[in-house]
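Given as structure tokens, the chain that follows is alone and in the form predicted alone.
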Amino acid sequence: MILTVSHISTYSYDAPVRGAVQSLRMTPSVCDGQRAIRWSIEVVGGTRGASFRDGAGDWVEGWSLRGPVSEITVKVTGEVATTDMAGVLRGHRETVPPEAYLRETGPTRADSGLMTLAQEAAAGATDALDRAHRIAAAINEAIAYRPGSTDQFGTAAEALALGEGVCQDHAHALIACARFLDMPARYVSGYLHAGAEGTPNEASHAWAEVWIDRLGWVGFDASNATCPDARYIRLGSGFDAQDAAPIRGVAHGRVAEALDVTVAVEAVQQ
């Protein structure tokens, strides 16, 4: 497929800020399943700083903005050619060992409920890949997809107890269960074209990757009960949602912040 992306994030403040510094992880990963045909990142009125590829293989751009400003807008547009790799991440260069992703974080901490779900789902699995598929399916059944039911600060344990959540919660729950079973797992941010008949999808997306011996990193989208295919664009990864956030930054000033996000992912060729 060929997918186009338009992603606009606008930060508004109740009083002018003196400036801001941002770290953006918003460039498509370099891997066998996708190729950026064109890609543009702009912080309106900002200055591009240093850029580098981190240990996880993700491209990171630094931006700064001088104030006073009451609004900061980040614009991303591009076109990416994608191929269905059945969820397997190939051709992605990174230096962080898989074992690093066994580390627990607050949002991915496994409580007794998640431990029980992991153990019951994994019972009878024939191998690690089958185990991961079973866990993803169990999470899909245990946590109903409900937009707005949780917020960005929620944990996997809270979503399981509530019985509903969004893609962030599904990814966190899958990561928590996998790590509990000593399977390295990480959070992935990106885009999904989910519209019918070529209509744009209006949200960014997230899923999890689990390390499978002899296969490497394999993606699992528990929200949609599938592995990432040609409808997905991968941006970056981390220990959890906060670590993998596409936009991280600091605004200088004591102000209240509001965020408005518009994302459209459209298929222009299949």
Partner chain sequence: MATEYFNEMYEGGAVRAPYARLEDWMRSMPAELRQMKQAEAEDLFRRIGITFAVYGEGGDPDRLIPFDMFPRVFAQDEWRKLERGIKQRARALNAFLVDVYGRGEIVKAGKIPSRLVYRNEAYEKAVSGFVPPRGVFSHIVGIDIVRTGPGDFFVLEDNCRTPSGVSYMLENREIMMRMFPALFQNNRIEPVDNYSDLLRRTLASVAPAKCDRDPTIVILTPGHFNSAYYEHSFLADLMGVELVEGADLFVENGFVWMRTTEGPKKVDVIYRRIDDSYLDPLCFRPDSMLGVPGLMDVYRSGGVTICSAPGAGVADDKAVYTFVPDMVRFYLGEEPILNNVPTWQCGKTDDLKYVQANLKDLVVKEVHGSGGYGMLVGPKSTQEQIEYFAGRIAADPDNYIAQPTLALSTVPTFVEEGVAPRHVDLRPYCLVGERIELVPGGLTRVALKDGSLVVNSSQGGGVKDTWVLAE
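Owing to the predicted nature of the structure, the values given are computational and were not obtained by experimental measurement. Residue numbers count along the first chain shown, from 1.
The form predicted together with the partner chain exists for this protein as well; it is not shown, and the discussion that follows is about that form.
In summary, the region of this chain contacting the partner chain in the predicted complex, judged by heavy atoms within 4.5 Å and restricted to 74-82, 88-96, 158-166, 133-141, corresponds to 88-96. In the predicted complex, at least one heavy atom of Asp54 sits within 4.5 Å of the partner chain. Heavy atoms of Val60 reach within 4.5 Å of the partner chain in the predicted complex, making it an interface residue.
The partner chain in the predicted complex comes within 4.5 Å of no heavy atom belonging to Arg35. Using a 4.5 Å cutoff between non-hydrogen atoms, Asp229 does not count as a contact of the partner chain in the predicted complex. Proximity of Gln22, Ser64 and Ala100 to the partner chain in the predicted complex is complete: all three residues have a non-hydrogen atom within 4.5 angstroms. In summary, among the residues Asp127, Glu120, Asp182, Asp151, the only one with a non-hydrogen atom within 4.5 Å of the partner chain in the predicted complex is Asp182. Using a 4.5 Å cut-off on any heavy atom, the one residue of 251-266 that reaches the partner chain in the predicted complex is His252.
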